[in-house]
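A lone chain, given as structure tokens: the form predicted alone.
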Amino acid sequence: MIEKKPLITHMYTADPSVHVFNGKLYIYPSHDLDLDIESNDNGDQYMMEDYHAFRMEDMTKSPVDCGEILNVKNVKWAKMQMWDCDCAEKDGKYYLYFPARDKDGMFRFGVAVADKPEGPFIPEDNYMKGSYSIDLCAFKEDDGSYYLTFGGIWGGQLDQYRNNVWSKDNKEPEGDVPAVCPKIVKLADNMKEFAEDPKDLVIVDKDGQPLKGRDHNRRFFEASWLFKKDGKYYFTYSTGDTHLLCWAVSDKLHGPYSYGGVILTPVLGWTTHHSIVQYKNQWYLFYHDCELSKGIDNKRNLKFCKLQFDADGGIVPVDGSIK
């Protein structure tokens, strides 16, 4: 079995987004380059410049590398740092959503289109109007509409926005001030534009109060992922500087989402990022750590394991340590 073992070993991969297309699993990770760059809180070490797609049918075998599907040199508006991406399918077309820094150093979202899940993807000339920050998740609602959840503080710039407006003077909230919220936005029918302004996706405690800025063990940092199970919406995310993956649940797409608990305990390396998918009647957690590079955080590798739910729908925590 290859559960909890490095899944791809010929290149460094991180931030997995995983979906079932045409009865097969497709993995869309970011691609860490083998560079010697000192790490910092702004994420300057993550100089990713392209994406590969990977196809996986047998959970006992390594996935097939379908090759490069998009490179920053082909994205007219982008300068650098193509971080976590995601993919959605509509009417036989595949839409790759990705963040990158524009010529002014601000993160924006691009969209690229393909006829097949393995690409190649052709990017639009301009970024999506009104987009900002990082770490997209593409979610299909039961009625066929599509949404993006997104956001990341610190290097992801989300903490510098208030009501979708950026200011360099905005900082991450502290103390009893409500924490920065991840965002959710509906996509237009053409899948290339926002249909509305992004809204807060609020995570609350057991008393129904928004999580506070000081609550670093539970507040949102980055790595949003949204899925639906048994009529419930699960929003899952990373706490960043406390190195946890957590989950929250709601009866409504737009929430509020009640904090549920930890999905994955800290892994080797600073960042933690994931996706959750059901394949052949089994739920799986895909994530990354730094086992291949022996802890060098800007050189990560993908892993996966089975994910279990308890009788009440809670996610059973997974041990992220290397044993």
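One rule holds for the numbers: they count along the sequence shown, beginning at 1. Computed from a prediction, not measured in an experiment: that's the story for all the values here.
As for the form predicted together with beta-L-arabinofuranose (FUB), it is not shown, yet the points below apply to it.
Visitor: Out of M48, V267, L285, I27, which one falls within 4.5 Å of beta-L-arabinofuranose (FUB) in the model of the complex, going by heavy atoms?
Guide: Only one listed residue qualifies here, and that residue is M48.
Visitor: Check each of C87, A223, A78, V111 and return the one that places a heavy atom within 4.5 angstroms of beta-L-arabinofuranose (FUB) in the model of the complex.
Guide: The residue in contact is A223.
Visitor: Okay, which stretch from 60-68, 269-277, 250-258, 33-41 lines beta-L-arabinofuranose (FUB) in the model of the complex, with non-hydrogen atoms inside 4.5 Å?
Guide: Selected stretch: 269-277.
Visitor: Contact with beta-L-arabinofuranose (FUB) in the model of the complex for F121, defined as at least one heavy atom pair within 4.5 Å: yes or no?
Guide: Because no heavy atom of F121 falls inside 4.5 Å of beta-L-arabinofuranose (FUB) in the model of the complex, the answer is no.
Visitor: Taking heavy atoms and a 4.5 Å cut-off, does W83 contact beta-L-arabinofuranose (FUB) in the model of the complex?
Guide: Output for W83 is yes: heavy atoms within 4.5 Å of beta-L-arabinofuranose (FUB).
Visitor: Are there residues in 114-142 with a heavy atom within 4.5 Å of beta-L-arabinofuranose (FUB) in the model of the complex, and which are they, in order?
Guide: Heavy-atom contacts to beta-L-arabinofuranose (FUB) in the model of the complex: I134, D135.
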